[in-house]
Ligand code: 1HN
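Just one chain follows, in the form predicted alone, and it is written as structure tokens.
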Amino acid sequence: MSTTQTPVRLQAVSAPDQPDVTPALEELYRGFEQELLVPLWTEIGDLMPAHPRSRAVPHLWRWDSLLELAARAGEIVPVGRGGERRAIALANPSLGGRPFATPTLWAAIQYLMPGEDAPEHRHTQHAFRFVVEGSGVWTVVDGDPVPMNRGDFLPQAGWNWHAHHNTSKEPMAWLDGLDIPFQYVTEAQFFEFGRDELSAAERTTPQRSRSERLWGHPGLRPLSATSLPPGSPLFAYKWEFTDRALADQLAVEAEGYGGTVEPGHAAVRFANPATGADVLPTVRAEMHRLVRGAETAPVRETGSSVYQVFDGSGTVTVGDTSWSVTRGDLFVVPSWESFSARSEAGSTDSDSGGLDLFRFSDAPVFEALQLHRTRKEDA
């Protein structure tokens, strides 16, 4: 046995579901250790539990605190080669200090100062940006400048060159989401540095990107698209359309024709306009709206989610933990923990009059592997 190998120490224990502790059993276990073997009967309760037991725990991050720390980092930490991005990741308290929100999802606040550029690079990790407030930054994806404004959702499949530049006189922060932990654990990730400077054409500030002009028309696909990328070819899903879709769902419900997933609960999924599938191969993204006083039924799902409050205020419950939340706050729902949300009945601090929640999850991975399961609980 190599001296670098560290065998698992097997401990014979007296238990109803274990063999009798004898010298022969102890000798057998030492032989297993010598050959780096572990018998299933000592591990089955951990490897095959009756239901998922996530290593992540429910946790809440307050947007005001994140924004304050990001602003301080903006004054101290430069953006450039090496660190690449001024991105500050959410670290779930039960994942050993890793910068992972859940075992499969990465979430961070990214902060760009006035006039700053975040240099070009690409990676196999699938990513998106979601803007809870602010404007003035353009992300440049494969040479296409894409404006970022409040409420916009901007997906970007892996291996696309991308950079950012802030043309305004104010700093801007947004939510980054990626599948970094999933690719890390599967040992599938690649990364490359790009150019140090963008071209003059890429530093322009159009109100609509090329991808929006080609793909941003509901139900219409350009016939010029003979090959498709692994994710959505639309690089920006504008808030005005998301807002209208949610409002229309609730209006149809009010007219007595259904249209919502639950009473007072409208929801949309961001979809690839070319295929109707999820916008990214490993990430699902949705927007939910609860009218004032509405409440969702508790639900459990395999796979994990990260939520950000886009607007309004309310109460969310994850497992046995409840929090009052307001604009920008972020929280984690681990696998098979029950989740429910309630909009504040008297809330007036929302543009929509209720509670708007942005959600992203690893559902496409679980569905592709036939491992996705959901169950509604009694309220």
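This structure is a prediction, so every number in the text was calculated from the model and none was measured. Residues carry their position along the shown sequence, with the first being 1.
Heads up, the form predicted in complex with this ligand isn't pictured, but that's what we're talking about next.
This chain is displayed alone, yet in the predicted complex one of Ala87, Val140, Val291, Val309 has a heavy atom within 4.5 Å of this ligand; that residue is Ala87. Of the candidates Ser135, Thr302, Thr124, Gln110, Gln110 is the one whose heavy atoms come within 4.5 Å of this ligand in the predicted complex; the others do not. Against this ligand in the predicted complex, the set Trp106, Arg129 and Ile180 is in full contact: each member has a heavy atom within 4.5 Å.
Heavy atoms within 4.5 Å of this ligand in the predicted complex map, among the stretches 243-251, 212-220, 269-277, 157-165, onto 157-165 alone.
For the chain shown alone, Asp176 is a contact residue for this ligand in the predicted complex, at least one non-hydrogen atom being within 4.5 angstroms.
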